[in-house]
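First comes one chain, alone, set out as structure tokens in the form predicted on its own.
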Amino acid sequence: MARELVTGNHAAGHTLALAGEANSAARGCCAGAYPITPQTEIIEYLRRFDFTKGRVVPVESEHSAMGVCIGASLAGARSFTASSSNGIAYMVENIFAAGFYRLPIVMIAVNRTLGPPWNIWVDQGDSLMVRDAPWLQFYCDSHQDLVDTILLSFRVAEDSRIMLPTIVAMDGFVTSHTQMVVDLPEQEQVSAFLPVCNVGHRLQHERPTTIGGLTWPRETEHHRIEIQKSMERVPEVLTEAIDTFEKIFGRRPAGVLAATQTEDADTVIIACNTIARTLGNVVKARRKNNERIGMVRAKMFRPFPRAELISAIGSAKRVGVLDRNHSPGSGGIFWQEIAATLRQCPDVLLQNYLVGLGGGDVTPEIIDSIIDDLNGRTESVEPIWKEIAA
């Protein structure tokens, strides 16, 4: 394993390439490629990689990039791509198609604000826009978390009990273009961790099949139920994958979420991606002042880990949710899911805070002010906008 100082985009491209190469003994790999800031470097890395059995196909749009992935996966290849912002919006039709076809495609979503007006900085509205598509979704707080989650995503998505595509999200520029020291996997490790990709319903000449034909209401209902059952199996399959990962790589990545000092906490703050790293430092500092505060780093958004979240919150009476996203007319999207989860916990005061939208810095000072606000509350109100400090 090589320990290197790399950007998040480099780490993602390296890991995708090795995952693709690990399938060379089977039906190879394929990536649909279309550039968009801030994910372009991932595609550039893949274009330079010398695959033994694989292709990176440059196309004219993001819609076609996902179309290439669909075709390759239906042929039985390990398939992957990357996109951001309006690129994800442009491929929405094929994102839903890939999920409904039950294809284990992995896509890196480098979160960027949707436009217009145009903004190249981080906001999770792009990946969360497709939250109702039949895709798994994971959110990464660091370069190392990104590498590990990509590998876990292939293992889980391609498991015969799941067979669903996966989004792995990271913060645009904050993660994609900054450098951190990362344990980059080697080909032998990745090949040992990832079984060959077996898409059981792939197209075959000797077994002609129609894909995506017309169905009646009853068949559609059964189809959606099967997807739901696969989603419900994800936590178990993910835990198995993490166990195997630990044996091969010598470290244990976070699962569906990561709770820190919540056992005795009166107040718990929930955040994801790089905001969670800043939150972690704030929690440590306030713990030194004997404040009973804890945090939960949200990692898996789909399927949403309701039981695990309730367990992680424990006996806390106040819960704050930091959302770097916004559903107009409603509020933060993670908050909505958490509010639905805590419907059976009427004694918990739940408050939503909208922070860092459009790429604004979420500083320790902002998080401190949120905690102070939450600790002083006796009732929750509509989602609170925390503007960037002047």
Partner chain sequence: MTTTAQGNQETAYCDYLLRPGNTNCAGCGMSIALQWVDQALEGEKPTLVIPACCGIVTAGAFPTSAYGAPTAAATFASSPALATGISTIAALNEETQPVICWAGDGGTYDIGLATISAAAERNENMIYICYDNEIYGNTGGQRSSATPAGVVTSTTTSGKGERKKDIMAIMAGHHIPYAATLSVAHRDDFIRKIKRARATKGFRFLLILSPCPTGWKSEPEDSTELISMAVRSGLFPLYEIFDGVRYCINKRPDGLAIDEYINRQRRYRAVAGDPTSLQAFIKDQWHHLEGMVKAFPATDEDGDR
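Keep in mind it's a predicted model, so treat the numbers as computed, not measured. Positions refer to the first chain, counted from 1.
From this point on, the text means the form predicted together with its partner chain, which you will not see here.
**Student:** Consider the chain as shown here, without its partner, and state which of T40, Q351, S64, Q336 has a heavy atom within 4.5 Å of its partner chain in the model of the complex.
**Tutor:** Contact residue from the list: S64.
**Student:** Looking at C29, L46, V355, V321, which has any heavy atom no more than 4.5 Å from its partner chain in the model of the complex?
**Tutor:** Looking at C29, L46, V355, V321 one by one, just C29 meets the 4.5 Å heavy-atom criterion.
**Student:** Within 4.5 Å of its partner chain in the model of the complex, counting heavy atoms only, one of 291 to 299, 307 to 315, 180 to 188, 199 to 207 shows up; tell me which.
**Tutor:** Among the candidates, contact is made by 199 to 207.
**Student:** With heavy atoms only and a cut-off of 4.5 Å, decide whether E232 touches its partner chain in the model of the complex.
**Tutor:** Looking in the model of the complex, residue contacts with its partner chain do not include E232, since no heavy atom lies within 4.5 Å.
**Student:** Answer with yes or no whether G54 is in contact with its partner chain in the model of the complex, where contact means some heavy atom within 4.5 Å.
**Tutor:** Taking the distances in the model of the complex, the answer for G54 is yes, it comes within 4.5 Å of its partner chain.
**Student:** Does the 4.5 Å heavy atom contact test between I36 and its partner chain in the model of the complex come out positive?
**Tutor:** Heavy-atom contact with its partner chain at 4.5 Å: absent for I36.
**Student:** Quick one: is D50 in contact with its partner chain in the model of the complex, heavy atoms, 4.5 Å cut-off?
**Tutor:** Taking the distances in the model of the complex, the answer for D50 is no, it never comes within 4.5 Å of its partner chain.
**Student:** Using a 4.5 Å heavy atom cutoff, which residues in 202 to 225 contact its partner chain in the model of the complex? It's fine if the answer is none.
**Tutor:** The stretch 202 to 225, when checked against its partner chain in the model of the complex, contributes L203, Q204, H205, P208, T209, T210, I211, G212, G213, L214, T215, W216, E219 at the 4.5 Å heavy-atom cut-off.
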